[in-house]
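One chain comes next, on its own, written as structure tokens: the form predicted alone.
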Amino acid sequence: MSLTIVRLYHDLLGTYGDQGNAEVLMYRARARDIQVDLIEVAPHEPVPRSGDIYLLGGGEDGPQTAALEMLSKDGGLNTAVDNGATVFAVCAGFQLIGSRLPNASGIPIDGLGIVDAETIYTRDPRSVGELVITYNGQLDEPVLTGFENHQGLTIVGSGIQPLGTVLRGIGNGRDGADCKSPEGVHHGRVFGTYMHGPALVRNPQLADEVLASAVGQLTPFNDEFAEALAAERRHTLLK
């Protein structure tokens, strides 16, 4: 079995070390004897359409807008998703795969439209700090952790499921009276989240969910160090 991971625009969307998501996916795949190729796509290079997993990380407003313009013009990521590829998008990457988002001046612009999720500018304080959520899918350990640093409110469409529900932090932001904020998005093979850390390093079971969405059922694998780190973060943050 083989797997191709495509990491997009690290020069623009690598502010928070989210390249670690690629590294942990490769490590956990190879531990199961899955052959892995990593393709690094720099700005202005064509996006391959035949990858299995596409990764987008976090970045500042200007680089985010630049990445969006290039991805919109290229069209490769949208084509790959239409062909069944998996996407794991973090923070700025999460916003740009949505339908609408603010540009660096706060003016709404069209996103890639891969998922029905709109981010709007608000005057609320910036969301910065540890983030803890309960995953909406089926995991042996459903509590996930990360670090958020973003602005605005993200509203997912009525037919779209958030990645999880916030236990600590802000996540997508509170839209209405419900005090339990949604976090991220999970639609088919598309995952979006505000969790840095990197998210898949801090949450090995989520890493396996992303892998499984691309290659199917995985053989068992236990990394004691990774599991201990995840458990420590859960325990410390939920005291």
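The first residue of the sequence shown is number 1, and the count goes up from there. Everything numeric here is computed off the predicted structure, so don't read it as measured data.
Below: the form predicted in complex with a small molecule, not depicted.
Q: Considering 79, 134, 151, 72, which brings a non-hydrogen atom within 4.5 Å of the small molecule in the model of the complex?
A: Checked against the cut-off, the match is 151.
Q: Considering non-hydrogen atoms and a 4.5 Å limit, which listed residue (192, 58, 51, 171) is close to the small molecule in the model of the complex?
A: None of the others qualify; the residue that does is 58.
Q: Which of these stretches, 158 to 166, 106 to 114, 134 to 142, 90 to 98, has heavy atoms within 4.5 Å of the small molecule in the model of the complex?
A: Only one stretch qualifies here: 90 to 98.
Q: Considering non-hydrogen atoms and a 4.5 Å limit, does the small molecule approach residue 64 in the model of the complex?
A: Yes, residue 64 lies within 4.5 Å of the small molecule in the model of the complex.
Q: So in the model of the complex, does residue 196 come within 4.5 Å of the small molecule, heavy atom to heavy atom?
A: Although the small molecule is absent here, residue 196 would touch it in the model of the complex, with heavy atoms inside 4.5 Å.
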